[in-house]
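The form predicted on its own is given below as one chain in structure tokens.
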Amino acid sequence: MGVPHGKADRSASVIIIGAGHAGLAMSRCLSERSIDHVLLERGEVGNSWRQERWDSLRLLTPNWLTRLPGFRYQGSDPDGFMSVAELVAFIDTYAGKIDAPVETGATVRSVIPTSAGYRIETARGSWSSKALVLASGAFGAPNLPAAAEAIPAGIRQFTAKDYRNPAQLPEGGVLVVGASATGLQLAEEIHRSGRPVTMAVGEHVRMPRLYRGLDIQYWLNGTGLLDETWRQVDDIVRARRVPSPQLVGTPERRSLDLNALTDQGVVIVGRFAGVAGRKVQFSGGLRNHCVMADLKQTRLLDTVDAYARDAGLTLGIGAVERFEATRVPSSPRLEMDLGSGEIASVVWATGFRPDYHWLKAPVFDRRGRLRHEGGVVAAPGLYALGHTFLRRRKSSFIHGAEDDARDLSSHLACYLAGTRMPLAEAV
């Protein structure tokens, strides 16, 4: 139960900011260690899934892979993909099962380091804690290019955070910027609504939904690629910027790539490069981006084939497959006049960044990014969860929260006990 603003501070050994799947995973791990804690949530449990996702969204991972510490999918459709409503119900059920100590409606206004830990001011009063876990997610604010401000006022702009369905959009053409999973799904949905769609394509990760008869996530999981840690890659900063793979979760488990969109009538152009007057400019590197994506897909499938061979997998899998190269227009457009009436709206599918405007601590680099090593932030007793490739490649997936939360809860427990532990030591 919340305490009205103005009453005496309350305290807990650990405060978790955010009661989504990552925050709840940490809550379960702390409870297993008998560490008292409270989750502060600005809305309801799983709020961002309830309020900040488009209507038709489904998870990119199959139901059989959906799990949190001590809890997993138990329904009748293991090969299906959860809708937003189904995922919210899953998270709600989990919060009840673990009896998570959640304070809802407790929007955080500021977090200030103190000599004893942290002071947290919320819409429902103040808290103090020895340690703090940032589990508000990596999708706090849309990651828009500066040139978005130069789009003419008559063109409606939407982000993947405020887009819900095509009915929101004005009639007329739509420019979708970004070719990750989100960009492809929105481009297809909007085009099917009858609106002409042009999609600006930059770096992307091409991946089939099914390979040799099994979901690609089966192969990623089996080969151990998703368990690769942040210490095993040469450039973790770049690895954390890699776009989400071009996947879609549908009952028929179909693949969705640029060729599929081109066949439907979506026009692809190069990466969004900027705005000059009324004209949007696109880079001339479309072919290079597509060639690289095709090459990386082939390397991935080679890895899968080697794994299947070495593991002696023969039953239940199909023959080796390779896919048609991405078809690229011989002369893709390099600019588009936004004053011509061809485009009525722009949908930005350019990713997100965490929003820690309320964190008043010297833990950010010169670009405003949180400084951390595998989720151990550069401040005493401060941790982060839910980021892309936080500790492993799977960190951003629902099932990736479990291992990360177990590692960091162990580190946190040592911190509270006064045990010196090397920064971000894997446990």
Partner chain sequence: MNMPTKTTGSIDNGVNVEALLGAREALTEAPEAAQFRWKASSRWMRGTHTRSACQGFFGLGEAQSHRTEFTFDTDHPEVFASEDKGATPVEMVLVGLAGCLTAGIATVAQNREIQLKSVTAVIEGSMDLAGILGIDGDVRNGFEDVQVTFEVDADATREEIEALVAQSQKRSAVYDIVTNPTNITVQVK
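Just so it is clear, the structure is predicted and the values come from calculations on it, not from any experiment. Residue numbers count along the first chain shown, from 1.
The same protein has a further form, the form predicted together with its partner chain, not shown here; the description that follows concerns it.
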query: R271, R299 and R366 each touching its partner chain in the predicted complex (heavy atom, 4.5 Å); finding: yes
query: Contact of R164 with its partner chain in the predicted complex (heavy atom, 4.5 Å); finding: no
query: Close approach of Q157 to its partner chain in the predicted complex, 4.5 Å, heavy atom; finding: no
query: Heavy atom of L295 within 4.5 Å of its partner chain in the predicted complex; finding: yes
query: Contact label in the predicted complex: E252 to its partner chain, heavy atom within 4.5 Å; finding: no
query: Partner-facing stretch of 112 to 120, 257 to 265, 299 to 307, 215 to 223, counted where any non-hydrogen atom is within 4.5 angstroms of its partner chain in the predicted complex; finding: 299 to 307
query: Heavy atom within 4.5 Å of its partner chain in the predicted complex - the one residue of I98, V205, A150, L334 that qualifies; finding: L334
query: Listed residue (F139, F282, W230, Y94) with a non-hydrogen atom within 4.5 angstroms of its partner chain in the predicted complex; finding: F282
query: Partner contacts in the predicted complex for 17 to 38 (non-hydrogen atom within 4.5 angstroms of its partner chain); finding: none
